[in-house]
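Quick setup: one chain, the form predicted alone, written in structure tokens, and binding and motion questions come after.
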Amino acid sequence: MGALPPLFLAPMAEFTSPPMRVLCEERGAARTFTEMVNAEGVCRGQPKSLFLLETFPEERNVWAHLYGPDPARLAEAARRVEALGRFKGIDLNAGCPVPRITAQGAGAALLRDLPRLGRAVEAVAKAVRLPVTVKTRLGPHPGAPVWREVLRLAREGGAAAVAFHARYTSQGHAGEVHLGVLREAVAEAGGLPVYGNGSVADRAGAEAMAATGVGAILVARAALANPCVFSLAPLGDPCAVAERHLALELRYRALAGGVSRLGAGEAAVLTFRKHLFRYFKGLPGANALRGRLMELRTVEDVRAAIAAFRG
């Protein structure tokens, strides 16, 4: 098979903060996205929402990933994001299946209200000079595919691309990835770039998705255990990766200011614990580490846990 399309780090709530993004960029990710950022929170200047829009100077191609139910507020948030001068584009979430998001009329709920989705795309595209993309799903469930309508609305609204998680909302993050449907979407996109997402974890998975003709591939959960997946390579030295990630996490938490009452070290440890076990999964001692993750409270504790795997 020929060259693969570029691999992007998909947006993931609670994971794709600057430390994870930089770690993946260093290992080949061609584009990254922020966590899901609440458009209303951006419009109101809420510190927690603005903290999610922090970036590191070395980030080369990071896009802001916004969600919300109101086209006007999404457009206003996009204007504010553009004014920060940190991002290469705006990505709209129309695919998150989590109930607390869909209950607001946001995320995948927009697939059940296509006119509002169309208004949102158009409003944001008109509000900013940055390119606007849409991350979505094939439809609410297999009996209600709406990907053709989504492509039409995206084209008419001025979107630069559509990224399909090639599952339906009803599937969550499990079950069949519908590559045949994704191939149809590429063929019927009318020149609009289509990206693919869904359970790509290695070269074989990337080649299978690339065979649909997508212009880029978004990698999500596989990157959490192996940020080297963007080079389609094994993790290598897990201790070195973990130490690099921890150092980046400490930098990020130092920016928190009034967002957290915790010190940078304590906040970094609380966040980093959910990453640590993944790097050592399958190695001798990994299960014991998993059992005592909650006991790791200081940076020194974490560094000692990493050092224990050096043998």
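Start at 1 and count along the sequence shown; that's the residue number. If you're wondering where the values come from, they're calculated on a predicted model, not measured in any experiment.
Just so you know, the form predicted together with a small molecule exists too; it's not on screen, but the next bit is about it.
This chain is displayed alone, yet in the predicted complex one of L23, V302, M12, L289 has a heavy atom within 4.5 Å of the small molecule; that residue is M12.
This chain lacks the partner; the member of L151, L130, A220, V186 within 4.5 angstroms of the small molecule in the predicted complex by a non-hydrogen atom is A220. Shown alone, this chain has one stretch from 225 to 233, 72 to 80, 114 to 122, 190 to 198 that lies within 4.5 Å of the small molecule in the predicted complex by heavy atoms: 190 to 198. Using a 4.5 angstroms threshold between heavy atoms, M36 counts as touching the small molecule in the predicted complex. In the predicted complex, the small molecule sits within 4.5 Å of a heavy atom belonging to H173.
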